[in-house]
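First comes one chain, alone, set out as structure tokens in the form predicted on its own.
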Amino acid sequence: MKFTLRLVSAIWLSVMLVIGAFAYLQIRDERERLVSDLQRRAVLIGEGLSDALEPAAARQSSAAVERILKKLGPAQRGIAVYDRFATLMAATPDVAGTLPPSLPEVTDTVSRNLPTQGFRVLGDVNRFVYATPLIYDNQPVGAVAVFLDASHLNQIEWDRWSYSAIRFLVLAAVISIIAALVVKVSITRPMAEISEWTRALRSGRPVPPPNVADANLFGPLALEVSRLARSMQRAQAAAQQEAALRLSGESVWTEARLKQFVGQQLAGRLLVVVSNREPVSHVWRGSQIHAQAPASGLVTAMDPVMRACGGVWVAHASGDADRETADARGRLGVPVDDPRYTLRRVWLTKEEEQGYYAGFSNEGLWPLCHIVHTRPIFRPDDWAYYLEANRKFADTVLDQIKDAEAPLVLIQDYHFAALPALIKAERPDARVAIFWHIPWPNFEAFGICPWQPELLAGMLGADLIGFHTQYYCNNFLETVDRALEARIDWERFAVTRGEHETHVKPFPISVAPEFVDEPPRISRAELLRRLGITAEFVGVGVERIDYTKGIPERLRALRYFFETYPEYRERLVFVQLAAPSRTTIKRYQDIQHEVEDTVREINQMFQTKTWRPILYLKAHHEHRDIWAYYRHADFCMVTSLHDGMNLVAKEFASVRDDEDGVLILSRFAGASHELRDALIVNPYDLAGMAEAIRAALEMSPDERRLRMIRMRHSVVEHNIYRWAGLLLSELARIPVEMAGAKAS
């Protein structure tokens, strides 16, 4: 009944809006036509009287003006003549008694020496007023005003609205009766049958779905209800699991829990996250602007945190349509359809972006911190641009927090080593943390950097420095101990320089427990059909094209696998999703060519008319697109040569609520310390990786299930909400006097 009322109300509202809009436009056009007619008549009268009245007005002879008006006879009514001071000289009898001492239209005409018109109520009669100047010997001598009866305008409008109202009532009533009948026959009755079926399902009785008249409409509903029943069972199991965890003193971190925790810990203080990568960029595709999420582990991790906590995310504007989608200060709400936090974009010049990002950050610090045998390149110009970009980000952050009391600033990654000290120098009351998402090498390796002391001093401006593992924390402290004059507290893992103390702690980053809120409904068969392949087994790899990810090593291991185990030819297809990255850097161009050449070589070696071993998809892939590959792969390969954490491994486990699939994981990825039930491999050992692929394909279902359950438990328990909660809790616990001390 409520639905029918809402539907009828919506129909009435829609009909009223449509008829009302057309009635308004019709009445407006009719009124404009009538006013135009009044104007033409008034102009003819006013201009016709001007020649006769101008000499009398010039002599200021009221008697002469009255005689002229009397000569006009009773046919001409509604005329008044004013002197050059806008004072009434004479008027026809029908308006003489109703004229006010001062008439704005006449005053305006005399002062500007231009005709003026308007509507005025005189003696309870709505009149159209037209005033035109009187000019004698090129000198203004007064004005003549014409008053025409305009009362018929209101009557015409009222008649039109009355007619439209009657038409609305008749049309709305007819449509409402028809809609009510359709609802009863097509919706209410089938919904009652589905309701009975749902009640039977809830009671545990297995009954077939009802035969509804419109299967296209209600068939999906019946399917979703059955899925909902299974989801309710899983939810009950999850609730029982969490209850057990609570009894044992543990609990799973969720978005709601993090939101409540942050509300208590921050007590209304502003949270600002700073990163180079923005959570969403806007790009032009033809004449349309499209939003896209970057292929970034940092964004994968931080976006759920910001959705839960709110605040401001300061990031480099990387899309060519970013300016068109932000306000004058570079701000916009994210997500666009349901804003939960603010994105504040920072604009860099091409030279700054090249020097700070491609140059110093990714040709210098990136290979320096990753042990992948790529020589780091350090240029003085790149260092200067790096400092300039950090200062620009500092100015943006300081502008964002200028009115905030004791804000929290969470800086992300190696792009901003100088930023903590810049912020603390201006806002010592701010609590500042920097999280280093990539490895930290030993002190001898980091000593290669010519500006090592400056980088360390900038980072130590923070109150808290976070790494993925304790090993990286130890490397950092040893580097500081060798490079700077500072007191190292090895028991508390803290560094003191002057009066400022910086804590250094491990916070292994993770992903949200649910990788995709509403995953796409795509089966394995549909996925294979879209890819144009047939296969008994499917493997998947998901990476940016980066020399640290071990993609060529992985491909060579697959070649070794097909050579060693030919029985899997034409049975296994490996799908490599590769997002182009940092394509302006020669080393990245080289790795891209190496990957493409290796794929081509392997396919030419083994492919048949109906099968090829490797499907290489080089493109940017949205998270919803990746979900299907994770979900339906028999195994996922993460073969990083060196990685701080690698969230692809955790994303794969978070998707597999079917408790199936095998993860092949590099021992040199930080995730290997947590996901011990993966098949841990050395990415430089081709035979070892080939054997891991064989083991994944031949592993028993029970073992696959037990391994995946344990990995999923690790990801769920140590999820991104827990990471954020622990990091923010540690930062919020910093004493006020420490936060207020000047950074040295």
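Keep in mind it's a predicted model, so treat the numbers as computed, not measured. Just count from 1 along the sequence shown to find any residue number.
Keep in mind that the form predicted together with a small molecule is missing from the display, and what follows is about it.
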Among the candidate residues Ser281, Ser296, Asn390, Gln576, which is the single one with a non-hydrogen atom no more than 4.5 Å from the small molecule in the predicted complex? Ser296
Counting any non-hydrogen atom inside 4.5 Å, which residue from Arg631, Arg345, Arg277, Arg427 sits next to the small molecule in the predicted complex? Arg277
Is Gln117 close enough to the small molecule in the predicted complex to count, meaning some heavy atom within 4.5 Å? no
Any non-hydrogen atom of Glu353 within 4.5 angstroms of the small molecule in the predicted complex: no
According to a 4.5 angstroms non-hydrogen atom cut-off, is Asp413 in contact with the small molecule in the predicted complex? yes
Quick one: is His437 in contact with the small molecule in the predicted complex, heavy atoms, 4.5 Å cut-off? yes
483-491, 95-103, 413-421, 330-338: which one contacts the small molecule in the predicted complex at 4.5 Å, heavy atom to heavy atom? 413-421
